[in-house]
Structure formats: C-alpha cells, structure tokens
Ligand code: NAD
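A single chain comes next, written as structure tokens; it is the form predicted alone.
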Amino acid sequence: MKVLVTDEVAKEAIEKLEEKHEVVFKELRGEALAKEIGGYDALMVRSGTKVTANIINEAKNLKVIGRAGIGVDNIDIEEASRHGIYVVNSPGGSTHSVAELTIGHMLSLARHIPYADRSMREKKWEKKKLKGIELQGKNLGIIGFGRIGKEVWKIAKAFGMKCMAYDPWLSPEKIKEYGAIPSSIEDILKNADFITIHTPLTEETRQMISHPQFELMKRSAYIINCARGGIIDEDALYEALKNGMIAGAALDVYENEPYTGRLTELDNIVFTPHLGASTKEGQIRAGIICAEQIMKVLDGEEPDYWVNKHLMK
C-alpha cells in the first residue's frame, strides 16, 4: 500500500514502513495536500502538517493517519472518525526528551543561564545581579501527571525537590504511589515554587492559566510550559511577568508558531522553538512506534495507540 509522509521523521521510521509498503515523502500543506492525498492508504505526520476536514474529505482511500508524537490537535479527529479513518500516535516516544527539556528550563530560570550567556557576549560581568536559587527543597507543582509529568518528577527527585501533582484522571492514592502529594490546581498555584504543565490542549485546558491564576501564584514562582501552546494565556503571562506578579517563565510552545510576540521584550522569560520532542533518540522512538501502528492498521489489525477508538466503536 502507499504511505505519504509530509513531515520530516527519523529514517528508521521510513525504513520500518518500507518493509511492507511504498513510502513517499513530500512536504505538502493545505490545498496541495488535499489534491495529493486521494492516492494514498496512510498518512504520517508530525506537528507541522494540519490534517483538516478539507484534506480528510479528499482522502478517498485513506485508512489511517499516524502522528509521530503524542499531540494530535493538528488532526481533525471527529472528521477522520466520520470517514472511518484510524488516528494513531506514539505516546512515550518523546517522554524523556520533553521531561529533560522541562528540567533544563527549570535550571535556566533558577540560575539565569540564558541571560548570563547573553550578558557575557555583550562583554558584561553581572555576577552580583545574577544570583540564583537552588532547586533543592523547592516545591514542584506538576499539572498533568501522565507519562511526561511522572518522568519530570522522577528526574526532579534527584535535585531534592518536593512534588505536588494534579491530574483529574488519577486517584489521590495513585498519585501518592509515586511519592507526590495529590493537590488541586489552586493549591499548586498558591504553594509551588516551580509549576510545570503537562496536559493536552482541549477546550477545558485552553487558557487554563490566565489572570486569576497568576494572581494566586507566589511572586517568587516560575512557570514552565513544554506541553501545548494556548494552555497559558500569553497576554496574561506578559502582564504577570512585566508587573512582577511572578519571577519568571519558560516556554517551548506557543498559541501561534513561529512565535514573534511581545513576550520577547522581557528578560525574565526563557524561550525554545518547540524543541520538546526534538532529540535524536526521541524522534527515532516516536517514528518507529508510529510506523508500527500504521502497519498494524494496514494489516487489518487493531492498533495499540488508537486515538479515536471511542468515536469509531
């Protein structure tokens, strides 16, 4: 069968698909993709390709859409389901990659590493200005205690941090099993020194952190988002950072990407350009898992990571 890949994925994933199928790589978007998709049985994407209703309506032979990663907000799940098209992903492939970047952002904020680097390049020596804090003994608040949230906590333990965790899908007993304190979002906002978000972007989580939430946070608190853009209200974050309501923030994801907004005017925020899953190891794992899921569907088998199962059964 024919598989179309429209975003760059690990060569190991392509090789896996080529064991059984014909694979074509083309960076197609929008109308160009809609015109091309009719001749393919499977589509493999990352976050760059937006699989809209228009594209799905033109996908006459499509049986499966595979997302080499975990987030599927770039795919119209309901439209795919109406056409009987499986949507699969690869949870776990980039878990450690995202968790490590989150910890990297925490360290960058605590020790002012990006600012110090810029300052040195400007031939300055601002040692007194850049006194930082330790992670040891600090309260870490994790909103979304799934695979990535748990992995962040696993690493943060080594720094001697304490963990408050919120997840509506986990019982307090289950959270306690991981050595974390079951907490409400409000408790985390009020008491955490570092807050990190690891939830999907849904109608419930869109702008979940906005003006009222920043008002609850400590003036010494830091917030990190390596999950999905839109969970933090960027306008509210700008006001909170500019007015000293919180100490700092770090973002890897944005409402609109590439990001060029006014947050870049501020010194107390750290940016990365959506690098969470962008490690060699993470891309290989995510690509191979996604390829395996696509192959299962094309073989007439039920996939392990079937995103729209609840809509198709």
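In this text the structure is predicted, and so the values were computed from the model without any measurement. Residues carry their position along the shown sequence, with the first being 1.
Although not depicted, the form predicted together with nicotinamide-adenine-dinucleotide (NAD) is the subject of the following passage.
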> Wondering, does residue 173 line up within 4.5 Å of nicotinamide-adenine-dinucleotide (NAD) in the predicted complex on heavy atoms?
Replying inline: no
> Do residue 241 and nicotinamide-adenine-dinucleotide (NAD) share at least one heavy atom pair within 4.5 Å in the predicted complex?
Replying inline: no
> residue 80: heavy atom within 4.5 Å of nicotinamide-adenine-dinucleotide (NAD) in the predicted complex?
Replying inline: no
>> Residue-level contact is defined here as any heavy atom of the residue lying within 4.5 Å of nicotinamide-adenine-dinucleotide (NAD) in the predicted complex; does residue 147 satisfy this criterion?
In response: yes
>> Quick check for you: of 94 to 102, 175 to 183, 133 to 141, 212 to 220, which stretch puts a non-hydrogen atom within 4.5 Å of nicotinamide-adenine-dinucleotide (NAD) in the predicted complex?
In response: 94 to 102
> Just one of 193, 167, 234, 76 has a heavy atom within 4.5 Å of nicotinamide-adenine-dinucleotide (NAD) in the predicted complex. Which one?
Replying inline: 167
> Which of these residues, 87, 227, 188, 163, gets a heavy atom within 4.5 Å of nicotinamide-adenine-dinucleotide (NAD) in the predicted complex?
Replying inline: 227
>> Would all three of 70, 198 and 204 be in contact with nicotinamide-adenine-dinucleotide (NAD) in the predicted complex, where contact means some heavy atom lies within 4.5 Å?
In response: yes
>> Can you list, in sequence order, the residues from 243 to 263 that come within 4.5 Å of nicotinamide-adenine-dinucleotide (NAD) in the predicted complex, counting heavy atoms only?
In response: 252, 253
